[in-house]
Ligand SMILES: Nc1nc2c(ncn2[C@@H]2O[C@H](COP(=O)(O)OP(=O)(O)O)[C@@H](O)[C@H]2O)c(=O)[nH]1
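Take a look at this one chain, the form predicted alone, written out in structure tokens.
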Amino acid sequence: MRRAQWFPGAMARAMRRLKEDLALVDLVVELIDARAPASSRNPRLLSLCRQKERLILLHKADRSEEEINTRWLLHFRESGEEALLSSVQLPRTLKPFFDYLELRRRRLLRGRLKRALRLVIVGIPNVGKSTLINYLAGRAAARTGDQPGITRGRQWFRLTPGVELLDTPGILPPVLSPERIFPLAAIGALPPGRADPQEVAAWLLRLCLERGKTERLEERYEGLQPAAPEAMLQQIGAIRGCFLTQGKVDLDRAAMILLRDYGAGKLGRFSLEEPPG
């Protein structure tokens, strides 16, 4: 396991700026990855936003299992937290979000403040924040990409009449506990080099085996036979032609292929974490 410490100066500055930005908004939308809801939350964000109304969006819900999604929603609501599913690939999931914003906007107008509802979407890098903002704004309003932390600078967007959004960069906590490294690496939320791809791939394969989720793996990599995770990674490398000059399987390349396929949803709907209890 490589070192789990990652909190560069840019992220520390982003945290300070977010603290200032929170004074400007009425609502904090916490975006987390529906495949790893526990690991993709940021304890420092929760501490900063404690005094603000907050809504949790379990994003990329089309890539996590429906039954587990439902259980996570119930878990959050039983904990006293408002939560909704979201996915730009499933536009119907965003209607409840827009309905929530409209109700919140009307409530604001009934008070003494006669202005637009102002919100901020916060979350760790690469949970789909910029992609979601682009979709909500209906235009290429924020830069998107596959690398964590691509969003730069401060930007305001008008989502709907009477609803304004402040964009902020993604933020990670200062110290990542060991149990969070593999889920975060599997969903692409860590910078390159922060986790060994072979270890992450083996962890993902082991989880598939434990939960009986190998069917899509066997479909994706024709000829793959369930075995120990390390042996399966060897098979995937051979099936995909990942060989070194000596004829050995390039396990790093095989691991990256597996992780890219999982991240893109090509291995089917598969949740990495289940709610407690």
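Model, not experiment: these values are computed from the prediction. A residue's number is simply how far along the shown sequence it sits, counting from 1.
A second form of this protein, the form predicted in complex with the ligand, is not displayed here; the remarks below concern that form.
Using a 4.5 Å cutoff between non-hydrogen atoms, Pro125 counts as a contact of the ligand in the predicted complex. Although the partner is absent here, Val88 lies within 4.5 Å of the ligand in the predicted complex, judged by heavy atoms. When contacts are judged by a 4.5 Å heavy atom cut-off, Asp62 counts as touching the ligand in the predicted complex. None of the heavy atoms of Thr160 is located within 4.5 Å of the ligand in the predicted complex. Here the chain stands alone, but in the predicted complex its contact with the ligand, taken as any heavy atom within 4.5 Å, falls in 127-135 among 127-135, 72-80, 104-112, 199-207.
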